[in-house]
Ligand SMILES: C[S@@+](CC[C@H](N)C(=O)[O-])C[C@H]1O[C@@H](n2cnc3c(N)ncnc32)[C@H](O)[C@@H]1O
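Given as C-alpha cells, the chain that follows is alone and in the form predicted alone.
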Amino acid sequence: MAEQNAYQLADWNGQSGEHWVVHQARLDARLAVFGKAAIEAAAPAAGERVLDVGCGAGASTLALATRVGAAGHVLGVDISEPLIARARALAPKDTPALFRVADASSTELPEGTFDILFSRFGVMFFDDPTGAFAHMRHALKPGGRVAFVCWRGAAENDWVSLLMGAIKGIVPPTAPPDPEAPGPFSFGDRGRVARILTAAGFTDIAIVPFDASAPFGEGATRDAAIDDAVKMTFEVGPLSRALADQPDDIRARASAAVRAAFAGLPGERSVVIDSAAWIVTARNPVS
C-alpha cells in the first residue's frame, strides 16, 4: 500500500473516524444538501446498481438505496471500520444497501457490474487518483455513469477560510500544503479533475460549481449552537489539525477567536456557513 494510503487508513481508523462517528448526525446534516445535489446528478433509477465510494456512515448510500428500490443494490465502501460500523447500525433491515470496509482504489471489485459510481466527498484522498479511478471504472458497466461531489478550493469555503483566518496571529503559520496532495481540497482545480478522469478513461465529463449554505453545529439556543460548532471544529477538519499540538493557552485563545467568527454568521439553533463544491459527472465508454 502506498505510504499516503497507509496514512489515510490509520487516520480514518483512528481519531478522524472516531470523531466523525461522534459528530455523525451534525456532519451528515451539514453535507446533506451536497449529497442530494450529487444524487440528482446521478439520477439513479429503480433496479440500478450503485457503488458508493468513501460512504462514511452511510447517509448517501441509504439515500441512493431508496431511489433504486428493492430491485436495485447499493454497495457502500469505506476504509474506516468505525464509520462502516456506524453505517450498519443506522441501516434499516430491509434496505438494498450493503456496507464493506475496503479501499475502493485497490480492492477487488466485480467487473462491469455497477450502473453508477457515486461519491459524496470520498474521492479526494487517493494517493494515485488516476489509478484509483481507472481501477473503479472497470467495475462500471459499459455506458455506466459517474457522479460525485467534491470541495472546491479552501479559500472558497468559509468553513476553512473564515476559521483559519480567525486563528491567524494566534497559531504559528505553517507552510501551505501541496494543493494536489491527498486531502479534502485536492480536487479544487477543475482542470485537474478533468485530467484525472480523462486519463482514467472516462468521457462526457462535466464539472459544475455548486454553492450552498449549510448548518455547522446545532443547539437549543444560539449560544449552544455556537458552542457546538466550536467543539466540532476542534475535533474534525483542518482547524483541528492546525491546533493538534498547540499548548492549552494557544488553544484557549483560538477557541475564543473561532467563537467570535461563528457569532458573526447567521442562524438561530445552528450556525449557517457558506460552502463551495463541484458536482462532477462522467461516463464509462460503451467500447
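Residues carry their position along the shown sequence, with the first being 1. A quick note: this is a predicted structure, and the numbers were derived from the prediction, not measured.
This protein has a second form, the form predicted in complex with the named molecule, left out of what is shown; the following refers to that one.
Asks: Heavy atoms within 4.5 Å of the named molecule in the predicted complex: does A102 have any?
Replies: Answer yes; at least one heavy atom of A102 falls within 4.5 Å of the named molecule in the predicted complex.
Asks: Hey, in the predicted complex, is G122 touching the named molecule, heavy atoms inside 4.5 Å?
Replies: G122 belongs to the contact set for the named molecule.
Asks: Does at least one non-hydrogen atom of A147 fall within 4.5 angstroms of the named molecule in the predicted complex?
Replies: It does not: once the named molecule is placed as it appears in the predicted complex, A147 has no heavy atom within 4.5 Å of it.
Asks: Hey, in the predicted complex, does S80 get a heavy atom within 4.5 angstroms of the named molecule?
Replies: Close contact exists here: in the predicted complex, S80 approaches the named molecule to within 4.5 Å, heavy atoms only.
Asks: Quick one: from V68, A41, L243, L31, grab the residue that has a heavy atom within 4.5 Å of the named molecule in the predicted complex.
Replies: Residue within 4.5 Å of the partner: L31.
Asks: Which one, F126, F114, F187, F202, lies within 4.5 Å of the named molecule in the predicted complex by heavy atoms?
Replies: Flagged contact: F126.
Asks: What I'd like checked is whether F234, A254 and F262 together line the named molecule in the predicted complex, meaning each has a non-hydrogen atom within 4.5 Å of it.
Replies: No, the whole trio is out of contact, none within 4.5 Å by any heavy atom.
Asks: Counting only non-hydrogen atoms, which stretch in 206-214, 193-201, 103-111, 162-170 is within 4.5 Å of the named molecule in the predicted complex?
Replies: Answer to the contact question: 103-111.
Asks: For the stretch 10-30, I need every residue with any heavy atom inside 4.5 Å of the named molecule in the predicted complex, listed N to C.
Replies: Those in contact are W12, W20, D28.
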